[in-house]
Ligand code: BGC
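First, one chain by itself in structure tokens, the form predicted alone.
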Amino acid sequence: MTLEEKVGQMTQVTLQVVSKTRGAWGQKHEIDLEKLRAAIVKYHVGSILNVYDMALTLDEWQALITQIQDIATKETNLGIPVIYGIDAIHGANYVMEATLFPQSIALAATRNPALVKKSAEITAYEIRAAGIPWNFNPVLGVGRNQLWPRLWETFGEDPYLVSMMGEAYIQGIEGSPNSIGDMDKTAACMKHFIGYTVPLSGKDRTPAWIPERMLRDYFLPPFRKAVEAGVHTVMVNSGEINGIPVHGDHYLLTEVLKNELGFQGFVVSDWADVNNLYTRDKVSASPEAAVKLAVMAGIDMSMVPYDFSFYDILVKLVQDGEVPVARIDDAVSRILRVKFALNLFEKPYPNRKMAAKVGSQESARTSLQAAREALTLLKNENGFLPLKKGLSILVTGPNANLRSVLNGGWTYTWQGNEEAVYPKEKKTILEALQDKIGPGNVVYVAGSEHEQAVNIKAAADAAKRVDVAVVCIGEAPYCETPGNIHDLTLPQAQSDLVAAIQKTGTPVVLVLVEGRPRIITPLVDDAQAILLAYLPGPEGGRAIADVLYGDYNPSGKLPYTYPRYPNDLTNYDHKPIEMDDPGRRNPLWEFGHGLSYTTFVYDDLTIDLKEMSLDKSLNISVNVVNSGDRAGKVVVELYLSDLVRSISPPNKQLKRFTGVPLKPGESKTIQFTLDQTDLSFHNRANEFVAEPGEFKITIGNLTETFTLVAGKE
């Protein structure tokens, strides 16, 4: 390969660069073949990504990918196919006919890795059917700041939960074992390495301050697990940690990711972030210095994305001896290995026979089941839910009759806010409730928009004439930086709507449709029931109706701590000092909270060792009984507490979980095993160790203690 051909492989541009017209509602996207030819033949571009604003149909994708690969494989000297990348965040969300799923934060609430894996398998099939072999997902950042606008793209605030769900997702996307050359699999992209999810301000792409110990104990484990799972690509954190932009951090990208973790795939930048080292971050004095810094730090492919500046600059840097050819060869070898693994050289084109299964009813049923399992019942005073179908209801609130709010960002468009493009056959909450109990039993009044009152008095008057008011509140769609807010408090218009209806004395059920936990504290006491839907996807309306009326028994568990106050953004695995009066933490609901329409009782918690040495494993068993009168699924969670250690210990940490369906009166014994790794942390010397001492296991309301003794390792 020539130098130019090598650097071209490291260059990625967005679809807009090679387009004639943008996609929009009522306007078809068109490719510009001359621009496309220039990108691939002249600049040897190895990758293209994204849509030009709007999702394409499956036919359009197949035609587009065919045009791209025709030029790449037939009009270039080497015939290297292009690797096309897409953000398929909750299903193939840029393929119009595809199956969409709940967003990741909702999937985390299911505590069901098998369901996550199944959703990923469907996603892989449907984007590969479009001819796209590379998915920029999963997000493996641990979402520990509830204000952050990308919280809903994460699997929550706990490292173990994120690790398990992320591993399942990668196995679904890539196969288990990894078989990305199969035509129903794609390459996954773990992101954003590393620390992106905890900006100090809570605003997207703002600085994070993370000590090395915290980085390793909280944020590295999901990425380590993903590398062990064989993930093929990684995208880099757009922000900075401790003053160092991660795109220019050799320690994190090369020493930790590639050398320590043993990552063998390739590293792609995030959007424009190589040049941002110069324009935004001010750690490089010129675009040339930015490219050199990023490439030498470990970036293998630059998401440029709007021009060929990276290509021009890097070619010259190598020619001038500023960047060694060996670094270029390493990057290109990594990229080509993934292209070979994807079988792109043998099969660069879409398989048109796959189209028949895209958006199938079977896949939609998987999405519906995921939405049902995600729904989390936060409050149910005196068993108010499920509702009886003979009652009259008022449905109101800004999220009652929109499809976009059920899905959020990354849905047909980047922000997900183009209501007109959403398939009409997918039900809003209002439509699903009308279907459930008949339109004659449902009164609808908008009440308010997200930020502005519309007809609150009319909604309150209507509430006086019905048996129950179902108030659907929360957030409008958003994604990334446009989702930044200054305050988690629910907008005043929505609070006023709920308060006005509560004053009528009509029982109120709150349905929260939101990407992050908005503060609703003044409204909680006077609500009879509160159901958290997160962003449940296109089947969310049906799922909500099923749960409200008892056709499905909720089992979702909070994947984050739900705060009581705007500035009380703590996590469940808090330190002992955070419980000291007068500053005692007091969230509305704790991580792991979630009610059911039945009751479960735990008993007979046993462990096989009261003293455990480092070379042993600890076996735990517990019995759980459905003591109620409804079938239901219980999520059994095991928490571990290290009672004394050299680094102040978290109150508790999630170490195992499993979901168990039980009929009324049925019981089951659940078994877990812990080993040395589960007891370990990074000590004052940043060594990963398990220190001898007393530990406590908590499952439900039961506890058991054991002692770790010094011994064999």
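Position 1 is the first residue in the sequence shown; the rest follow in order. Since we're looking at a predicted model, the values are computed, not measured.
Keep in mind that the form predicted together with ligand BGC is not shown, yet the notes after this line are about it.
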Residue contact check: residue 185 to ligand BGC in the predicted bound form, 4.5 Å heavy atom: no
Does at least one non-hydrogen atom of residue 205 fall within 4.5 angstroms of ligand BGC in the predicted bound form? yes
Under a 4.5 Å heavy atom criterion, is residue 384 part of the interface with ligand BGC in the predicted bound form? no
Residue 410, heavy atom within 4.5 angstroms of ligand BGC in the predicted bound form: yes
306, 271, 340, 209 - the one with a heavy atom within 4.5 Å of ligand BGC in the predicted bound form: 271
Consider the chain as shown here, without its partner, and state which of 150, 518, 542, 128 has a heavy atom within 4.5 Å of ligand BGC in the predicted bound form. 150
Per-stretch contact check against ligand BGC in the predicted bound form, the hit in 104-112, 509-517, 587-595, 186-194 (non-hydrogen atom, 4.5 angstroms): 186-194
Quick one: which residues from 116-142 get a non-hydrogen atom within 4.5 Å of ligand BGC in the predicted bound form? 136
